[in-house]
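Let's start with one chain on its own, the form predicted on its own, as structure tokens.
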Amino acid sequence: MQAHVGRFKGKVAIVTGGASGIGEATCRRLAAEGASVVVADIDADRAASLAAELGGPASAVAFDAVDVASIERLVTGTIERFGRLDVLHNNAALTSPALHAKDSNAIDIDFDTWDLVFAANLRAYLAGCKYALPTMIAQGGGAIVNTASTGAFSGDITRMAYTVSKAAIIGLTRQIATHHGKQGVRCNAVAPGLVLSAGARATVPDVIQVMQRHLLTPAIGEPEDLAALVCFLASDEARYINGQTYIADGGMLAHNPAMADLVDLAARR
């Protein structure tokens, strides 16, 4: 997908979880479109490597999504350096397979796991908004894009805390838009379905094969597909869009859940 050259010229953006996956693709696209990008990630080396590759005004900041003070330093430090903040992409999430194994169901999950997932997936997003909003309001506006998930719209057999926290992000998005839309701040969310990030390819190849049967698109989404959506919502082209959540899942949630099996049944007749 071709970048819109100059669409973010003179603007400053923070992307959390920016060193890999959707965050990395978004950093690359924002930089290609003229933004000064802050790559924020718990993996300091990987963030620094990406920032060096992007060149120009791109920079890396190591931060921990479960540490509110770390988020405050990230945002205030960016504003001190650049004098403004135009785009905040709240995208960081805990993706450890070991943690997902503990994030099971209402009976088996322990509250430490629940609290940790909510700290990273929800409290961190609130903190990012909290520290970014005063500057965005003072400068006349800004755009916040939160990463939710299609898990927010349907139940699953696992990942209790992850799914519920992603649903809460949609509520947070609407609250920020309602409270601050008249002050020039837009807050929207993207809800990715299956995306072929490097992490997904490495950890759930069998799940990818199962889910592909239920897509309504020929190809599975790539991180760049989500980056295109994030950048559109962060741009002035989306100036009349606020408080919304955009699903990007290849049509997974658009059809009867038994669709793939019904297609197989029809083929056997």
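Counting begins at 1, following the sequence as shown. Because the structure is a prediction, the values reported are computed rather than measured.
Just so it is clear, the following notes concern the form predicted together with a small molecule, a form of the same protein that is not shown.
The stretch in contact with the small molecule in the predicted complex, judged by heavy atoms within 4.5 Å, is 190 to 198, chosen from 135 to 143, 101 to 109, 173 to 181, 190 to 198. Site annotation in the predicted complex: the residue of 65, 35, 227, 50 reaching within 4.5 Å of the small molecule with a heavy atom is 65.
A heavy atom within 4.5 Å of the small molecule in the predicted complex is found for exactly one of 160, 94, 79, 127: 94. Interface residue remark: residue 21 is counted as part of the site for the small molecule in the predicted complex, having a heavy atom within 4.5 Å. At the 4.5 Å threshold, heavy atoms of residue 85 stay clear of the small molecule in the predicted complex, well away from it. Under a 4.5 angstroms non-hydrogen atom cutoff, the small molecule in the predicted complex lacks residue 58 among its neighbouring residues. Though the partner is left out of this view, residue 186 does not reach within 4.5 Å of the small molecule in the predicted complex, counting heavy atoms only.
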